[in-house]
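Just the one chain here, laid out as structure tokens, in the form predicted alone.
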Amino acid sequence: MPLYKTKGIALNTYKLGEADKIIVLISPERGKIRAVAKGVRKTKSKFGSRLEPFTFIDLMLYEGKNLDIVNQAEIIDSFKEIRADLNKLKYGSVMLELADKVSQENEDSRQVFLLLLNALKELKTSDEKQALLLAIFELKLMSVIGFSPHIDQCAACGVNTKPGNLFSIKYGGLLCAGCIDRDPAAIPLSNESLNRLPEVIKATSHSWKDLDISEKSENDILKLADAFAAYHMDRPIKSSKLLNI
């Protein structure tokens, strides 16, 4: 079996047999990797806790027919600060689940990988605005896979360049006054949330903390972003249930 080296972030794990685990990772070059870590559940395992979700790892793997096999794993960043903090764990779990859902095997995933890595680095050190960070991550992730929100013109008619404060998940953006009846389920936004939405969409890992936004608008925009992501995933985001939004 060919041996290869890559970096990866552990997204999930599953028990296999009495002592093994299947590790699901995202790699920049190979996309989603499913690999077996043999004996990892034994007390004296050589891997220890190196393959737990959130861990950023330097890996050596044997390429298998269905599942690869972990040969070596060295921690680059354990992100233990996220696992040790309940609030950070909740927001981080949504990030991992979404990265798992959008990544594919044997597919270049540099954009998704870097987006996730940078978001985890920010979450690790941030004690506030965590809802805002997740909202930014979700909206940027959707943009990476081709679903950018329409906020400069009506998402339904595509004509009116002054949309109002109703966001339609169905149409993928803001609706103008003439189209509000086209989606009764459209989400109403406060004036602050509407005004801050363009800044949230454009925010970077360097600028997001400087956004002047109330906690209520953070949560409103997160609710919108989470619904937007779930719609394009065609399934609920299980981890979002922990957020109480």
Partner chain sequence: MYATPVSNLIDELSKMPGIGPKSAQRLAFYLLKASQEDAQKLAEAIVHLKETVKFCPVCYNVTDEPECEFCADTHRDDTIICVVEEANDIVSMEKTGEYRGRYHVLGGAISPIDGIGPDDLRIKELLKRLEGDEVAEIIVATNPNIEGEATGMYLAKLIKPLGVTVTRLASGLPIGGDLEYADEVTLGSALKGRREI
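In this text the structure is predicted, and so the values were computed from the model without any measurement. Residue numbers count along the first chain shown, from 1.
Beyond what is shown, the protein has a form predicted together with the partner chain; the following relates to that form.
Name the residue from Ser214, Ser49, Asn195, Ser207 that puts a heavy atom within 4.5 Å of the partner chain in the predicted complex.
The residue in contact is Ser49.
Can you pick the one in Leu114, Ile75, Cys157, Val144 that has a heavy atom within 4.5 Å of the partner chain in the predicted complex?
Answer to the contact question: Ile75.
Select, from the options 105 to 113, 157 to 165, 84 to 92, 133 to 141, the stretch whose residues sit within 4.5 angstroms of the partner chain in the predicted complex by heavy atom distance.
Result for this chain: 84 to 92.
Find out whether any non-hydrogen atom of Ile169 is located within 4.5 angstroms of the partner chain in the predicted complex, and reply yes or no.
The answer is no: Ile169 has no heavy atom within 4.5 Å of the partner chain.
Taking heavy atoms and a 4.5 Å cut-off, does Glu122 contact the partner chain in the predicted complex?
No, Glu122 is distant from the partner.
Does the 4.5 Å heavy atom contact test between Ile221 and the partner chain in the predicted complex come out positive?
Ile221: no, not in contact with the partner chain in the predicted complex.
Can you work out whether Pro28 and the partner chain are in contact in the predicted complex, taking contact to mean some heavy atom pair no more than 4.5 Å apart?
Answer no; every heavy atom of Pro28 is more than 4.5 Å from the partner chain in the predicted complex.
Hey, which residues along 224 to 245 are within 4.5 angstroms of the partner chain in the predicted complex, non-hydrogen atoms only?
Residues within 4.5 Å: Lys238, Ser239, Leu242, Ile245.
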